[in-house]
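This document opens with one chain alone, in structure tokens, the form predicted on its own.
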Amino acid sequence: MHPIVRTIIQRLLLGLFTLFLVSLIIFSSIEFLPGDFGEAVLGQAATKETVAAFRRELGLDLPAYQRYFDWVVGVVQGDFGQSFSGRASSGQDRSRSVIELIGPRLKNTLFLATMTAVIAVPLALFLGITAALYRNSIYDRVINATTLTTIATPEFFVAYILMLLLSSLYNVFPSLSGIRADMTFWDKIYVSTLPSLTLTLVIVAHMMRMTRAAIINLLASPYIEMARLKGISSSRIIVRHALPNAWAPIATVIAFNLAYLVVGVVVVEVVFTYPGIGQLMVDAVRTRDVPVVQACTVIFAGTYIMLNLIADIIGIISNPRLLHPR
């Protein structure tokens, strides 16, 4: 078997094993939470008999290992179970499946993440390449100072500053991103501009600095010096010679930041009341809706692991030395 194919298969198996461990940690963490889920959902006014019947209906009276096994089997089959919300009404079961709740929210989060990535990734590459090209210039120093300031600023503070400037003082964009399914594509982009701009400012700084550092590190290589001695322009040296060899670390940091767009949007979605999966998970934690919390965390973990695997694969393919490990 080719070493690259073998390495990719090993990484995939390691990713599946990591996802299994994450699912075990998620289930155990929720099990260790204080309080009774039945009482939390039904309220303090519920009798002991009602709580006991509710726990039997949901299977909460079963041993923890059996509930974990049933949950994992359901997740593998694409069934995340039924939401606890709506079951508190006596005599009626108005609960919805977890997939039915998560589907539209996940679609909104992916829309926001895609919109941000389309803006942030090319912008970060451009800023990183030009900062490396004009190293130690005023342009480079301004870019570095700006990105350091952005990295040091919490996401919610960036969101509130943008909301103050572009919504309160200057009514350019709406402060609340109430995206709906019946909106047109451009209306969705308009109401999602502020949260997208917040995420862009946060992740561009990391990607730009990694791009700049990777290219500057390669500029001291002997083959770059040879290219300079041949009279090749600096821009062509960076684009044609340095950048292809810097793709491995750049792809890694891009994957990390793209994972953040899906996993770390909780704060931004809460600030702008954006109806995404992060907002759904916060609401589910507040109402102790355990199946929804478990499903959201598994999706977050799976997305993060998958993007890291893609980054590893890109790094392996883009590094010619791995084709000849000896």
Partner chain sequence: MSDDQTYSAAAEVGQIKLQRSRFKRSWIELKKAPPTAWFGLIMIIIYGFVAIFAPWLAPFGEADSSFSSFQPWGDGHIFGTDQIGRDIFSRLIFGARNTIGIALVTTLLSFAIGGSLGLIAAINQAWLDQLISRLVDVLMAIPGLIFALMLLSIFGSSTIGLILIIAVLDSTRVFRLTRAVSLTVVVMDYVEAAKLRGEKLGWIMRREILPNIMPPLVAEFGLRFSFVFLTIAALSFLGVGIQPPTADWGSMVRDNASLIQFVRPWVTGDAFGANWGRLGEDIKLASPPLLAAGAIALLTISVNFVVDWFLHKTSGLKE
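On a predicted model such as this, the values are computed, not experimentally measured, just so you know. The term rigid core refers to the most C-alpha atoms you can superpose between the two forms while keeping them within 1.5 Å. Residue numbers count along the first chain shown, from 1.
What follows is about the form predicted together with its partner chain, which we do not show.
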Quiz prompt | Proximity of Tyr160 to its partner chain in the predicted bound form, heavy atoms at 4.5 Å | solution = yes
Self-check item: Touches its partner chain in the predicted bound form: Ile9 (any heavy atom, 4.5 Å)
Solution: no
Self-check item: Close approach of Leu229 to its partner chain in the predicted bound form, 4.5 Å, heavy atom
Solution: no
Quiz item: Do Ile313 and its partner chain share at least one heavy atom pair within 4.5 Å in the predicted bound form?
Solution: no
Quiz item: Within 4.5 Å of its partner chain in the predicted bound form, do Ala181, Leu197 and Ile317 each have at least one heavy atom?
Solution: no
Quiz item: Looking at 106-114, 220-228, 185-193, 142-150, which one sits within 4.5 Å of its partner chain in the predicted bound form if you count heavy atoms only?
Solution: 142-150
Quiz prompt | Within 168-196, the residues that have a heavy atom no more than 4.5 Å from its partner chain in the predicted bound form | solution = Ser168, Leu169, Tyr170, Ser175, Leu176
Quiz item: For Met281, is the C-alpha shift between this form and the one not shown 2 Å or more after core superposition?
Solution: no
Self-check item: CA of Leu258, rigid core aligned, shift of 2 Å or more between this form and the one not shown
Solution: no
